[in-house]
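In structure tokens, the next block holds one chain alone, the form predicted on its own.
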């Protein structure tokens, strides 16, 4: 085997992505906020949880299907929103949409994607959810919602966890961000990095350089460059959202509504009260703040306050199918993977994204069979063992 087909786990794909990407991009992914403590905590927290196995149960083949919002998916996980993917691999959002359609899983398109919602929805019309970053002016938020509706999206995911712009130390040092691109004034400091990653550099230049943030291009001044669009986005985002803003969005959006970025049980409870169809527990993949807990540790308290029969999602730190099973035992109805798919698509484009699905799916099936669990609906919290 060669290339991404030789990857046996997500860590293999991570290493492949690290070899291809310049460090100013790879480190941005790895560290998130500050020193990367929150990113590492998300992943490591799953190790605290083990599961007892049952035997003499008919488990072959295990059933990995899960129904969300009335649609049956073949797997209990989907692709989470990751912004600015085009700088990691040209066409990345399109590749992920194709893989989501093939695997029959949802793809949450980032509100700061480098492909438009219209383009991605045409590729996978029944599998694309739109992640909304509301603007400071509600009239602009209303236009963004209308764009998603007109593209045929049935699920709107509203990120509510950024009252102010996030800070990452990596781009402050390098002058490069996945959305704003390269600060050429800092070229001398990254020249060596570029020279030692010629494959990425050549592909970046051949594709036309910095991709435009097409999700915001219709709203920026005509003729805006990628950097101009990024500056425009920064001028209208983020708003300091409050619950009344969510109520306005709920009144406007008639499809399924997901609130993403909640952690505290009181917030989770109120989200359902104001009309959310689902809550997605998330610390933004560790990009938000390095002192918040791992999202998997927030699952059980959130499930305790969520109304009976309500839908609860999780993202953050998932690298294996066994992580998905643990999350289900703790109360998650569905999981979303962000970095894993970023590693895959950065390492191998469309094939890399497919390999992520294969790796997590195969480990999920193996885990279910070995635990004596015939299907995802039979994951029993009583099997969960927590180590101090």
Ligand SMILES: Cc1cc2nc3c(=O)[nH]c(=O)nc-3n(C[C@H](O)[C@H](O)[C@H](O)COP(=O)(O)O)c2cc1C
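This structure is a prediction, so every number in the text was calculated from the model and none was measured. Residue numbers count along the first chain shown, from 1.
The same protein also has a form predicted in complex with the named molecule, omitted here; what follows describes it.
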Should residue 317 be classed as touching the named molecule in the predicted complex when contacts are defined as heavy atoms within 4.5 Å? yes
If we define contact as a non-hydrogen atom of the residue within 4.5 angstroms of the partner, is residue 159 a contact of the named molecule in the predicted complex? yes
In the predicted complex, is there a heavy atom of the named molecule that lies within 4.5 Å of any heavy atom of residue 110, even though the partner is absent here? yes
Answer yes if any heavy atom of residue 287 is within 4.5 Å of a heavy atom of the named molecule in the predicted complex; otherwise answer no. yes
Select, from the options 208 to 216, 115 to 123, 180 to 188, 77 to 85, the stretch whose residues sit within 4.5 angstroms of the named molecule in the predicted complex by heavy atom distance. 77 to 85
Heavy atom within 4.5 Å of the named molecule in the predicted complex - residue from 337, 332, 346, 360: 337
Looking at 200, 133, 272, 253 here, can you tell me which has any non-hydrogen atom within 4.5 angstroms of the named molecule in the predicted complex? 133
Though the partner is not shown here, which residues of 246 to 282 have a heavy atom within 4.5 Å of the named molecule in the predicted complex? 260, 282
